[in-house]
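There is one chain below, alone, in structure tokens, taken in the form predicted alone.
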């Protein structure tokens, strides 16, 4: 595992602030929502309940997000993924599931400021006026597969690490002063 962020904590200040954060620990957990022990596994790994459809639930610097009917994204400090995988394995022993660390395959960005939604609105087919806090969306930002969610301070966006530089370019171009939406 690499302990280097995808873009060495790149940042940009325009009408919104963009910064690459990380490295973050991330585990993809594939399991049916009615799997016995699933709630215990997520609680043991990140200390949250199983997230509802299109939601992310946080617990300090840890979170569990709903990615699809049988997929959850667990976010935690980078160095804690091994222990979290062991806790998941113990809680789901004998069950059919898949849990893998994907930390080094992802890049994570923060978009903050009063007009942060405008940055993403230029890139994604989402009605940001209706996006609720802690609602997680999987979509595209331009042509890049991405997931993002809103909190009280802005948005967190996750994409593949292989397109991190391209994503930073998209975000910074969208956040340039003078390019706000009318």
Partner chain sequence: MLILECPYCGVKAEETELSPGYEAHLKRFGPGSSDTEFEDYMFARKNPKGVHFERWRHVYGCGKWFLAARCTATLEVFGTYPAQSAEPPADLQAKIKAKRPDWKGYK
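Positions refer to the first chain, counted from 1. Here the structure is a predicted model, which is why all the values come from computation and not from measurement.
This protein has a second form, the form predicted together with its partner chain, left out of what is shown; the following refers to that one.
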- [ ] With heavy atoms only and a cut-off of 4.5 Å, decide whether residue 145 touches its partner chain in the model of the complex.
- [x] yes
Open item on the list: I'd like to know if residue 140 sits close to its partner chain in the model of the complex, meaning any non-hydrogen atom pair within 4.5 angstroms.
Closed with: yes
Open item on the list: Considering non-hydrogen atoms and a 4.5 Å limit, does its partner chain approach residue 66 in the model of the complex?
Closed with: yes
Task: is_contact(residue 30, its partner chain) in the model of the complex, heavy atom dist at most 4.5 Å - done: yes
TODO: Name the stretch, out of 109-117, 47-55, 150-158, 34-42, where some heavy atom lies within 4.5 Å of its partner chain in the model of the complex.
DONE: 47-55
